[in-house]
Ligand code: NAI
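Let's start with one chain on its own, the form predicted alone, as structure tokens.
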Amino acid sequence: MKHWNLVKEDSGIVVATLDKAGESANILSAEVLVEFSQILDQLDLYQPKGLIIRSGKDAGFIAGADIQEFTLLDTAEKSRALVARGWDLFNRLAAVPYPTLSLVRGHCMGGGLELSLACRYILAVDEPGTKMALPEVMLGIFPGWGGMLRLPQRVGPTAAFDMMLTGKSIDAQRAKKMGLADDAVPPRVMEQAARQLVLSGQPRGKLPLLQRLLNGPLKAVVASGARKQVAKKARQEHYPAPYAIIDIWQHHHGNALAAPEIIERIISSPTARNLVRVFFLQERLKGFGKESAVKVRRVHVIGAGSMGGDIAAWCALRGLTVTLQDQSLERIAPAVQRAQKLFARRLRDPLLARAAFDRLIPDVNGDGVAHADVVIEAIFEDVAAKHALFKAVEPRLKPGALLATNTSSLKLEDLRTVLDRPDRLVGIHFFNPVAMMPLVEVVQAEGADPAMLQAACAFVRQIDKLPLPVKSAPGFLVNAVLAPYLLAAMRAVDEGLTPATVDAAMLAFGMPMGPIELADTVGLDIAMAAGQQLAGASQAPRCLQGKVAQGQLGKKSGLGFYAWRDGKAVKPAADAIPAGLAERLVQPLIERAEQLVAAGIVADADLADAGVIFGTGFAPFTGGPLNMQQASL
């Protein structure tokens, strides 16, 4: 076979290893599934004592279905055939008379998890790379190959919906605890444990009575609650897939083929088409930096403020040794406290959290500069201060070290004039909050060293962020498009609309946060400065000027357009939203994005859409602002 390797052991166990030809990761293409069907044909004739399904890839178990095949679904018949392909095959796997086991090491996503659910046993390998998820909803579709049937049966509908309606992934220990995996074992014993488990005859544990009732007579109660939870986060007209998942589970026992009208409506929807587009945009961003062989081990961050401290914490979380410099330990202490909370929240295991904490080292004297593979400047936005810093740091850099600035508004050409090697300075611009925002702009100044730019992109990927190459210009891409959008929103307030109404219009449009609340969060003084610098606004909106003049700067002062309590905006009820308001407010953002593409600040419209989606949260179901504009023409 081209993609599968079949070995029958002396014990009578057959091991089927998936190693998709020509790919670094396993995906369940049509060809892979045809071969798997042939394996089951053989095993019907010569039944084994047990079947173990495993991966031959270092990259993980199975990444899911072949997303490229989704782009070819131009008829209802093709959509139904795609669903039937996996549904019928995995039902056949679930019905075989011999015991089956899925040995999950690394990522097990979508169709990979649905294949695993069709096995009698799931054995998870307990290491950081093992993640299990049904992320189809993030592509605007549903897990139609048995996930909607078997996951609720295995873990109960509440836990199943938590995974299916969000796309969230879980690790090996969590999978074992919730009953998704039968066991979680370290890599050194996984082979022996798999063989013992598949021959054990061990019955699967039954769900508790309440969960069985929720899967049966009380389905309507679960479905009603799930719909209410989804409605808080996603409008059905924008994101129909989670509602379809609930309906198919409730009314069709998880079998999408019993509801062909839902298959056609979801798979052919603009949302699914655009979210698949966003998936490929994300994959394109992940490709930047692949040409570089740079492997970063040590990072030095200068400036322990909210950005610098959080950049340092994120790098330590991702396994790097980080030295964090500021003028005193007292200035560094708040960053260390925030980092400790981040590690506890993200890692959960106290030993792993402690290890990450130990990798974050306060460094008042800056001794880490000489040892760092990457040095990131994250001090306040002042050219003279950055010049003094670069003059002091450059002579201490080790050969080949990457020198980066996190500036959000200054031109790199102005910052690098004091360097002996100005071509080595690169912008690595993170967004706040660092732990939440996936995008990092990698900024190229005129005449920058291409190797340094490649190294910067490789570093960004190494810490699990998405690099977006942009050229040096005020605001780069993301801040440059946000400024006119925020100003347009505040001018609408000047015209008499309430801040809550403006925000409600953009939330209904699909933004994750309204522009007025966003301005309050950023700081109204910063918003005014950015508007003057990036949007060419000679006159700031009157409402903004008034707030700043009174010291009402938003979240950081406790009062701005909204009062802030416990870190949240207190919003009055919105008025009726005027027709066309959202489209009017977003138009300046679209126009600025078009200008930046035309000027070559970002290479093309696709990358501009990727940057705005992953850097601002711009409604993903639209496929990005320029894609949305093109679709409306």
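Just so you know, these numbers come straight off a predicted model, no measurement behind them. From 1 onward, residues are counted along the sequence shown.
What comes next is about the form predicted together with the ligand, which does not appear here.
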Original post:
Which pick from 467, 303, 99, 541 sits with a heavy atom within 4.5 Å of the ligand in the predicted complex?
Top reply: 303
Original post:
Since exactly one of 79, 211, 444, 406 fits, which has a heavy atom within 4.5 Å of the ligand in the predicted complex?
Top reply: 406
Original post:
Based on heavy atom distances of at most 4.5 Å to the ligand in the predicted complex, which listed stretch, 135-143, 422-430, 236-244, 278-286, is the contact stretch?
Top reply: 422-430
Original post:
If you check in the predicted complex, is residue 386 within 4.5 Å of the ligand, heavy atoms only?
Top reply: yes
Subject >> 4.5 Å heavy atom contact, residue 414 to the ligand in the predicted complex >> reply: no
Subject >> the ligand contact in the predicted complex: residue 491, any heavy atom under 4.5 Å >> reply: no
Original post:
So in the predicted complex, does residue 378 come within 4.5 Å of the ligand, heavy atom to heavy atom?
Top reply: yes
